[in-house]
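What follows is a single chain, given as structure tokens, in the form predicted on its own.
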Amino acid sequence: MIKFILKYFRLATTTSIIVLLIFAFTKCMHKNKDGENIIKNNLGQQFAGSATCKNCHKNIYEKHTLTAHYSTSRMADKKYILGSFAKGSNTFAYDKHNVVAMEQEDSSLYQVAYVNGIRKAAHRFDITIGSGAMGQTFLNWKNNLLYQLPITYFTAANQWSNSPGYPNKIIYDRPITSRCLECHSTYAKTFPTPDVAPEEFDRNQIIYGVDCEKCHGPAAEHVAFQTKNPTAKKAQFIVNPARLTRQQNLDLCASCHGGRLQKTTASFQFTVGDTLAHYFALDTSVPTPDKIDVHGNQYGLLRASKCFRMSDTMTCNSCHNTHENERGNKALFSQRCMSCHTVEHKNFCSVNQTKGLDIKANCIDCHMPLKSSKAIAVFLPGATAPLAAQIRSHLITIYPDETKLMLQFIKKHT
């Protein structure tokens, strides 16, 4: 009996050592000789990290760090969270009995649930999702699973609200999928556990934000080549979207701004230059604008626009410079509209001669007005109806009601 126990003990010890060695070896595979974390995409291409791009593209890199894309996800840090943690401004009350408070304990931040004043649960802010242009929501790690926290910061009201789509009660069990991170990060590695839901993530293999390598591809090989060949005139091992076809450019943007796409392969398989239809089931019909929400399917609304349908070259980048934060610059966007819409082309605005109206400074509010989103609508404390985020429509057309309001405003103030 003793011999059996000793034999079993040795077997168990040996097995444990092997498991630990495999775990350690796996960890080492993620590190290079300098101890830096190595991240590769699903094709085995290695990321360099956007900070590396700064060495040669300092101006572009620094401007890009100010964009909503860059800050659409990051590890939670109080200095980047817009909601208040100050007493009196740090709570969301579902009713007089159920309250969630945003609290700091040591160096960590928590959403703490109170029922009748008694502390019931506390879940840490681990990841911030959203630049804050519309709002911010927050994720919590539970082992290798990610869950959305119940309270969101809603920018339009400058206060805490319930997370969009949440019921009017405190819950901490909404899982985050790789499809969520596919649009809010550059890369996130899932553990290879097919048919297991919710998905588990390797928290050491996430590249936060939508950064350089999301649109130019993994850059480690490019960096190595250019470092070794500093006088090389033609960039190697990197994608320049300007050299892609129109549809390749549109597919790149549509992978996140094309609505609720139905995956046909695992997340993060699609990369810049690919064909979106190889990875998602796409609706190729011209969309009906009234059925498209202004949030998340800007591509669908653009496709329904006459401007787009009459052009052979128009893409998202015709109007957007993704390297810079241009949000709210109506004059700049108006000038881009007028690169096509001119008096000479006889397609210029018919009300441009109205006294007090400077079309060159703002044609956006009439032809791409702010509309209420059904996807981003939250309940504020005590409200009986949700408050919707106002997002600029990418259906470029004539909106008679908005034009009428604009002309009435101008007449009143001139």
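Please read these numbers as outputs of a predicted model, since none were measured by experiment. So that there is no doubt, residue numbering starts at 1 and follows the sequence shown.
Quick note: we don't show the form predicted together with heme C (HEC), though the next part is all about it.
Complete contact of 320, 349 and 396 with heme C (HEC) in the predicted bound form (any heavy atom, 4.5 Å) = The answer is yes: all three residues contact the partner (heavy atom, 4.5 Å cut-off).
Among the candidates 74, 203, 179, 124, the residue which, in the predicted bound form, approaches heme C (HEC) to within 4.5 Å (heavy atoms) | Selected residue: 179.
Using a 4.5 Å cut on heavy atoms, which of 276, 223, 170, 109 is close to heme C (HEC) in the predicted bound form?
-> None of the other options qualify; the answer is 223.
Mark residue 255 yes when one of its heavy atoms lies within 4.5 Å of a heavy atom of heme C (HEC) in the predicted bound form, and no otherwise.
-> Residue-level check for residue 255: yes, a contact with heme C (HEC).
Does any heavy atom of residue 113 come within 4.5 Å of a heavy atom of heme C (HEC) in the predicted bound form?
-> Result no; residue 113 lies far from heme C (HEC) in the predicted bound form.
Is the gap between residue 328 and heme C (HEC) in the predicted bound form 4.5 Å or less for some heavy atom pair?
-> Answer yes; at least one heavy atom of residue 328 falls within 4.5 Å of heme C (HEC) in the predicted bound form.
Using heavy atoms and a 4.5 Å limit, would one call residue 185 a contact residue for heme C (HEC) in the predicted bound form?
-> Contact check for residue 185: yes, within 4.5 Å of heme C (HEC) in the predicted bound form.
Could you tell me which stretch in 113-121, 231-239, 87-95, 100-108 has residues with non-hydrogen atoms within 4.5 Å of heme C (HEC) in the predicted bound form?
-> Correct option: 231-239.
Sequence-ordered list of residues in 125-151 near heme C (HEC) in the predicted bound form, where near means a heavy atom within 4.5 Å = Result: 129, 130, 131, 132, 133, 134, 135, 136, 137, 148.
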